[in-house]
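For reference, the chain that follows is the form predicted on its own, supplied as structure tokens.
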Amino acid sequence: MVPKAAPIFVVSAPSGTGKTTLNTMLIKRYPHVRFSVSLTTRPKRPNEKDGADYYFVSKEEFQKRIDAGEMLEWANVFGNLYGTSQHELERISEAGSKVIVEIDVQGWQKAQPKLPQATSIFVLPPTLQALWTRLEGRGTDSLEVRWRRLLTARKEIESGHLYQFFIVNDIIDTAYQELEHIVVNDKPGSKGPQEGMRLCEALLQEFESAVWLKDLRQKFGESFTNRQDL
């Protein structure tokens, strides 16, 4: 039985690393672990449910929540607002469920001072080349967009020091067991800050030295693009 004011777990990862897959696997198996549902001002799609996929609100309502200091973090993405509400986390936690907050690195930078009690987890790819292969496998983005996502991943990996525990998603079942160990069993992750930063440094070094990146770097350059543009 999870006690009242249950723990909060923040999970971040570069796009394509598989954090949503891992989190969804955990939530399906353990009913007392729940996602924090974000707010957005974008229109609801036909297959989406309000309160399950997002809380769909007007821009005026979203702005009111910002002004009231309710939003832990928020961002403008393609003209639509997305963000995490403090009230949503409190609602889930006080009902006795553990909370998974799935946000990007920029979101965690904003939310971290307001969530000192949260356990933070950073999911990493085994290599940048493996991440690139996963982005290719989606088949949804152009070559340029995939390159921009890789640049964003590099920038996020540079902020690995913001996290307490690290999971390498190489073999999905192994990565899932590590997430389960931290969230469900309330145990420290096997890869703490020192090991995590070593992993981040290796990925950053790969970005600088990998031969397979040479043509992409020459073609598109390395100017960083933030999440508003992706």
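Bear in mind the structure is a predicted one, so any value in this text is a computation, not a measurement. Numbers for residues come from their place in the sequence shown, where the first is 1.
Another form, the form predicted together with a small molecule, is not on view; read the next lines as being about it.
The closest non-hydrogen atom of A52 lies beyond 4.5 Å of the small molecule in the predicted bound form. In the predicted bound form, at least one heavy atom of R134 sits within 4.5 Å of the small molecule.
Although the partner is absent here, D170 is a contact residue: one of its heavy atoms lies within 4.5 angstroms of the small molecule in the predicted bound form. In the predicted bound form, the small molecule lies farther than 4.5 Å from every heavy atom of K155. Checking 200-208, 182-190, 162-170, 26-34 against the small molecule in the predicted bound form, the stretch whose residues place heavy atoms within 4.5 Å of it is 162-170.
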